[in-house]
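This document starts with one chain, in the form predicted on its own, laid out as C-alpha cells.
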C-alpha cells in the first residue's frame, strides 16, 4: 500500500505554497488521496516555510514524518529538514559552501541545535557538511544546479530570467517527483490545472518541469524508483475537490444558507471570509430559482473596524432575520466577550467560527493550537450556556458549518464552531459533499406576530417563538427582562427567565444526535482508549491501525460537542478501558479537564503537543507505545520545525 510523504521547503514568498498545491494535484491525478499542511512564519517574505504532503490510497487525514523525499530550495531548508529525510534529499548545488551562521533568517536556537548535532558527527557547519552526514546515514542526496536549470528554462521559454525566478520551485519539485517515479504528463496537467487561465505562467512552468525531468533522467537514473503505480481513484466515478479548511467551512456556510458574514482580518481566520467575498453573488440551481422566484443568491460580507463590531453587527443581522456568522481567532474572540453575553441574554442566533492558533496574546499567529477550548466554553460572564462544536477534519467542518447555523436558529443561541490552524491551512482532497442530506432548520419563527410581541415567552422546552425586526415591537436590552424584553429585575421573574434560557440547552442535549457529539473509532471492546478532538482525529485513526498491525488493540474516542456534553456515553466508554490516554494540542490538556468536569473521570495519561506544529502520525504511535511500556503520566511531543 502506498503511504508516501513529500516535503518541500524554501523561503517564504518563494512559491512554496504554489509548489505544494501543484504536487497535491499531481498525486490526485495519479489516483491517490492527499493531505497537505503548510508551515510558515508571520511575515510576508524571507523566512522559512514548507509544505508537507501525505499521499495514501484510502484516506489521508494527517501529516507524517519522516518524509520519503525532502526538496530543499535553499540552504536553510537543508539545515532545517535534514532530520526529516526518509530516503531522498534534493538540494541546490549552488549553496553547498553555505555556512549556517550566514543565514540571517534562521532561528538562533535551531542553529545551535543543528551545530551541536553536526559537531557530534564530525562534519562542518555547512550544507556540504549536512550532505556528508546524510550520505553517512545511507540517505540518497541529489544535488541539482537550480539556477542553471532556471536559466535553461528561460532560454527555452523565450522570457527573461527575472520574470520566471519563482519557477525554481517547479524545478525542485519536478526533480523530486521524477525520483519517486511520477510521470511528467501528470505534472504538466497539474500545472495547467493550478494556473488555469494564466497561460503566460503555465508555459514557462511546464518547460521548467520538462527541463527538470530531463536533468534527473540524465543524472539520477541509477537511483530512480520504479514508476509509481496508479492509485485506486485514477479514474474516479465521483469528482473530487482539493480545498483548504477555510474554504470548506465557507462552502458549508453557503450551503447552509448564510446571508451575512462579518469579520476583522486575522490569521488564520481571514481566508474564510475572503473566500466568501468571491461568491457574494452566485447563480441558483433551477430548482432553487423556481422555489424562491430568484435567479441569483447572495451573501453580505462585511469587514468591520474590529472584532467587537464584527460580532455586534452579526447579532443585528440575526435579529433582522438573516442567517449570520462571524469568523475570528483567539485575540479576536477575546474582544467579543461582552457581545457574546449580549447574544446570550437576548437569545440571538449567531455563529462564531473560531480558528485556534498559538497563544496567549498574539502568541504564534501562524502556528497550530487547541488552546481555546476553555475560552469557547466559558467566555463571557454570568451563567451563559452556548453550543460548542469542534471539527476534526474537512468533511466534518463542511457539515458542522451547516449544523452550527441550524442549531443557532433552532435553539436561539450563540454557537461557537472550533477549528484549528492545522485544519484551516491544510489542503485536502474531498469527494463532492452530498447536498441531498442538507436540511435548513430555522426553528420557531412567528410570521404574523402580535404587537407587542412576547419574544421571550416562557415555554416548556425553553425555546420561544421569535419574530424579526420590523415585523413587530420587541425590546432587546442587555439587562434582565420580562417576556416582552422590557427591563425587569423581579427576583421571581429572574428565576423563571434564567431557567427558561437554561432549559433550551436541556432540549438541545436531548435532540442533537449522539453522532454529532462523539464518535468511537476502532474496536469498541479494546482495553486501550485514546481520547482526543479536532485535528488529533487524523493522526489517531492512522495510529490505531498501525498499532493494531503490531498487535496492540486500541480505539479512539473522538470528542466533537463540548456543550452540551455527552457525559453518560463518554463515561461509559472510558470506564470500560483499562488504559485511557488523552491526546491534545495544548499544554493544559483542556479537553481532559472538560471530561473530568462533566463525567468525573480523570484521564490518567496524557500525550500533549504545544509547539504550534501538528501531531504527526509516527510520533503519536511511538508515544502511545512509550506510555504503555513505562506508565508515564505525561508525554510532551516536539517533532517538526
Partner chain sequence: MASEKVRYMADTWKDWCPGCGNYGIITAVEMALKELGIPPHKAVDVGGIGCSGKLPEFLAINGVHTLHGRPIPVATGIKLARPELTVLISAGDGDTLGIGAAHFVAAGRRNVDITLLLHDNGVYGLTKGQASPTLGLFIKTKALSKPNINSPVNPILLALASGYTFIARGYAYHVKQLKEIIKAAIQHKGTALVDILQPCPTYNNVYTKEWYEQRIYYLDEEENWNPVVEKPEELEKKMEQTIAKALEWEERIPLGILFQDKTKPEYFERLKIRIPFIEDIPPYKQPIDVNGKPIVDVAQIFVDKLVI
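Computed from a predicted structure; not experimentally measured. Residue numbers count along the first chain shown, from 1.
FYI, the form predicted together with the partner chain isn't displayed, but the following is about it.
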Open item on the list: Taking the partner chain as it sits in the predicted complex, is residue 119 in contact with it (heavy atom to heavy atom, 4.5 Å or less)?
Closed with: no
TODO: Indicate whether residue 222 is a 4.5 Å heavy atom neighbour of the partner chain in the predicted complex.
DONE: no
Open item on the list: Taking the partner chain as it sits in the predicted complex, is residue 304 in contact with it (heavy atom to heavy atom, 4.5 Å or less)?
Closed with: yes
- [ ] Could you confirm whether residue 398 comes within 4.5 Å of the partner chain in the predicted complex, counting heavy atoms only?
- [x] yes
Open item on the list: Within 4.5 Å of the partner chain in the predicted complex - does that hold for a heavy atom of every one of 28, 299 and 320?
Closed with: yes
Task: Contact stretch among 502-510, 518-526, 240-248, 410-418 - heavy atom within 4.5 Å of the partner chain in the predicted complex - done: 240-248
TODO: Note which of 255, 184, 106, 546 lies within 4.5 Å of the partner chain in the predicted complex, where distance is taken over heavy atoms; exactly one does.
DONE: 255
Task: Interface residue in the predicted complex among 555, 464, 126, 312, criterion: non-hydrogen atom within 4.5 angstroms of the partner chain - done: 312
- [ ] Enumerate the residues of 342-365 that have a non-hydrogen atom within 4.5 Å of the partner chain in the predicted complex, in sequence order, or give none.
- [x] 342
